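Here you get one chain, nothing else, as structure tokens; it is the form predicted alone.
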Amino acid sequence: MQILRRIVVPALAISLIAGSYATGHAENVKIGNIIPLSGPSATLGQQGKAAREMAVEEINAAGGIKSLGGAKFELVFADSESKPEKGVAEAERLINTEKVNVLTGCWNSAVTYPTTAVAERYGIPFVVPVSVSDKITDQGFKTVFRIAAKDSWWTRDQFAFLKDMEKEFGTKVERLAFVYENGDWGKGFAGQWKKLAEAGGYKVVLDEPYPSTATDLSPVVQKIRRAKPDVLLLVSNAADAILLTNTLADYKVKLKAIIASGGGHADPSFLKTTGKNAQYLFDIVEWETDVNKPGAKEANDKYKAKYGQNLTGEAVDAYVAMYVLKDALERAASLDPEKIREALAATNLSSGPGMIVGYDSVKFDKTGQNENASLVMVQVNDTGKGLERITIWPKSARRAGYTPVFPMPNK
């Protein structure tokens, strides 16, 4: 079933012909959003949807795009179902039938990669809040702009973190296991892990992809147990992250550390479903609720009040994307896609409600990658208030008074 929903706040006083690029008129800015609203990544897609909606409510309530006469954002959502072919088809429909001015999406790297090619062909700007496969911005496209750090930066920082933990706690790590969902996202991480493991002098004792739709991961967990790694590195969506964590606990797999890669491990449903089984796990993300940035706490409190859960790093990227678009449209003062593209390319956003990320500004390099995107490592632990995600790395961002647990105690 096709999922399509619009938010227009408020209705315009006048009717204008769709597709007009005239400046100074209060015509809606139509933003097409291709995200997984069903299928294995649906919970993450829903979080990104909610974050977009919250940002757009704020932007429209504050007067919309002033250089366009107060034009309001109109969100048009389409469900990718985490399927590349569905994402491509929806991009065609949103551009040709819905006449959107900008596209965003698609969370799943395997969907975003071919879908951006559609936008490039039509010259429609495509803002990627979070899809981390390096090749998305390695295509030489002029219309693609990614806010999140790419996967080679995530893996780079995972290994830098591991080296720092070894040094800080005097614990030697020698054997690594790689377990990951078998899409572009997981394979991209695994390829980088292999290079970094070799460069770091580690021995890889297991390299195991799996389908994220699997309902039984006990064969994978048995392989992990037999391989006897010191550290397990994971890339998972929500359902498989939960299943793996609980199955690892059931089989009492002994490890010095588990290092996850955001995604399903950062999903609010993860801790709710795994409980103590997730204690001491490390996870790398772009953002956490205790990040020390102006407006971050207020934005998280508002999101939690509206949707009953904290913002995730992926949701924050979606929220930021709307403010990046607002900034670009104010400077473009036009709905001409080329002028919007030029404004996005010249972005250097360092203040305002959207800048609740851990870095100083959003600025795109010549490939369309946000060159300032940075990452933090958190640990799941209970400091007396129940399990929570605690920022621990880099040390300059570590929550005051907290000492990480490394290696993890094995019961």
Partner chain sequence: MNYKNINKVALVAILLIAFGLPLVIRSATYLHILVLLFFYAYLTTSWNLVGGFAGVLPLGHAAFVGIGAYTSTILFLQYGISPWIGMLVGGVLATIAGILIGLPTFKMRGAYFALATIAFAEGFRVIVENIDYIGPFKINGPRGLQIPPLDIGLANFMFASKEPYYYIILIMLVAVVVLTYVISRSKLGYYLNAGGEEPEAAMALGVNVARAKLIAMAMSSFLTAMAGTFYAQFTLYIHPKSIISLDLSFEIAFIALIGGRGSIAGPILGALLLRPVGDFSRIYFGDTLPGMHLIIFGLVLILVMHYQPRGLQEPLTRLYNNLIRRITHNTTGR
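In this text the structure is predicted, and so the values were computed from the model without any measurement. Positions refer to the first chain, counted from 1.
There is also a form predicted together with its partner chain; it is not shown, and the following applies to it.
Trainee: In the model of the complex, which of the stretches 245-253, 133-141, 267-275, 284-292 has residues with heavy atoms within 4.5 Å of its partner chain?
Mentor: Of the stretches listed, the one contacting the partner is 133-141.
Trainee: Since exactly one of 122, 307, 202, 280 fits, which has a heavy atom within 4.5 Å of its partner chain in the model of the complex?
Mentor: Looking at the other structure, the residue within range turns out to be 122.
Trainee: Which residue, 326, 86, 72, 341, is the contact with its partner chain in the model of the complex, using a 4.5 Å heavy atom cutoff?
Mentor: It is 86.
Trainee: Looking in the model of the complex, any heavy atom of residue 110 within 4.5 Å of its partner chain?
Mentor: Looking in the model of the complex, residue contacts with its partner chain include residue 110, since a heavy atom lies within 4.5 Å.
Trainee: Look up in the model of the complex whether residue 218 has a non-hydrogen atom within 4.5 angstroms of its partner chain, and give yes or no.
Mentor: Taking the distances in the model of the complex, the answer for residue 218 is no, it never comes within 4.5 Å of its partner chain.
Trainee: Answer yes if any heavy atom of residue 230 is within 4.5 Å of a heavy atom of its partner chain in the model of the complex; otherwise answer no.
Mentor: Answer no; every heavy atom of residue 230 is more than 4.5 Å from its partner chain in the model of the complex.
Trainee: Just to confirm, residue 49 within 4.5 Å of its partner chain in the model of the complex by heavy atoms?
Mentor: Although its partner chain is absent here, residue 49 would touch it in the model of the complex, with heavy atoms inside 4.5 Å.
Trainee: Whether 297, 314 and 356 jointly form a contact site for its partner chain in the model of the complex is the question; each needs a heavy atom within 4.5 Å.
Mentor: No: no residue has a heavy atom within 4.5 Å of the partner.
Trainee: Do any residues of 144-168 have a non-hydrogen atom within 4.5 angstroms of its partner chain in the model of the complex? If so, which ones, in sequence order?
Mentor: Heavy-atom contacts to its partner chain in the model of the complex: nothing from 144-168.
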